[in-house]
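Given as structure tokens, the chain that follows is alone and in the form predicted alone.
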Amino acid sequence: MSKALEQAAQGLGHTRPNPPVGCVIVKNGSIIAEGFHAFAGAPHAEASALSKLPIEEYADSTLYVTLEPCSTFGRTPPCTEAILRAKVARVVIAALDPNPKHAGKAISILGSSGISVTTGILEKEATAQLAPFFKWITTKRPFVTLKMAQSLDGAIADHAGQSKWITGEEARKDVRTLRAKADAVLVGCNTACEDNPSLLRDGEDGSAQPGYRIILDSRGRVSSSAKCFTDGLAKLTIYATSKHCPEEHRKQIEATGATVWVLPTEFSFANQHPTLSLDALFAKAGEQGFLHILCEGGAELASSLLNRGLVDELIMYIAPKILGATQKHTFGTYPFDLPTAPRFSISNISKIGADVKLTLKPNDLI
């Protein structure tokens, strides 16, 4: 099952709206085939693994899969049928499918056909890997990871506004692995205007393994000449704006090939201008099948996400530096009262180069 999870990891960030699933088939104590779901419309993990050898080679084998096999027709035939045709002797499942169309049905179909079924093997690990899909299938909202980099004293820029680079190259490389696992990277207009990032999965050097970019800009401040509209991948850019953005500017953005979402706005005490409704944003993203969004914005976006309780995972890169007096703090937009302040539990601590990486979960999700 560990090997199956490794297979599934190859599909992270590429399968939406399907889950990333891995499969390993064992016979006579040896792995004879492996497979994973590469993208929507491609063979599912089980079908991929079963295609590697002549069908008769799988008789009396054991099939390990990270998610309960599908049992209905979609873009591809149901995996239960492929498993039955292969005449495997046993199926081992890590996690059950929360999708009501599939939940428990594969176990019944396989079991009634004489195939031994075991569930719950490395279920915790599989559930963690599948968390974005599980959230989307049950709420129709994407899983939201918030990534921030700061100094020891909680600053995201120095007194002159310089923010490149607080963390080292190793940490920045690690962020690119986060991008590769997400369906889209989200930033606010301040970050888009000040840093002009391409937000490519492989960094800003143009060697793109492209993923979607979502730019928040309620009033039309981000130029249509920004990198995310002119790097040749504008079709993967979503420009989220509002009726407060001039229509002419929206047309200029659309002319680049980007997709424009016009969303409702809301007012908050932290901003004198109307800001985009984050609830509406994630509802729209969910409708479009986005499973996992990585937020890389600045203090305003980060604070807003926390204030609305929209963060499913918080990843902090902490550099061993002191920046002292500065107006740019990680979550400096909203004040939180100590009794009701957002609380997190640390799920992992690691050293990335000279920096420390904290992975945290909101306490209500533990």
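Numbering starts at 1 and runs along the sequence shown. Source: prediction; values computed, not measured.
Absent from the display: the form predicted in complex with a small molecule. The rest refers to it.
Interface stretch in the predicted complex with the small molecule - options 70 to 78, 252 to 260, 214 to 222, 136 to 144, non-hydrogen atom within 4.5 Å: Only one stretch passes the 4.5 Å heavy-atom test: 214 to 222.
Every residue of Ser163, Leu301 and Lys328 near the small molecule in the predicted complex, heavy atom within 4.5 Å: Checked in the predicted complex: all three residues contact the small molecule.
4.5 Å heavy atom contact, Asp195 and the small molecule in the predicted complex: Taking the distances in the predicted complex, the answer for Asp195 is yes, it comes within 4.5 Å of the small molecule.
Contact flag, Thr191 vs the small molecule in the predicted complex, heavy atom cut 4.5 Å: Heavy-atom contact with the small molecule at 4.5 Å: present for Thr191.
Heavy atom of Leu278 within 4.5 Å of the small molecule in the predicted complex: Flag for Leu278 set to yes.
The small molecule contact in the predicted complex: Gly168, any heavy atom under 4.5 Å: No, Gly168 is distant from the partner.
Partner-contacting position among His273, Lys124, Lys235, Lys101 - heavy atom within 4.5 Å of the small molecule in the predicted complex: When the small molecule is considered in the predicted complex, the option within 4.5 Å is His273.
The small molecule: the contacting residue among Ile115, Ala149, Ile83, Ile107 in the predicted complex [heavy atom, 4.5 Å]: The option sitting close enough to the partner is Ala149.
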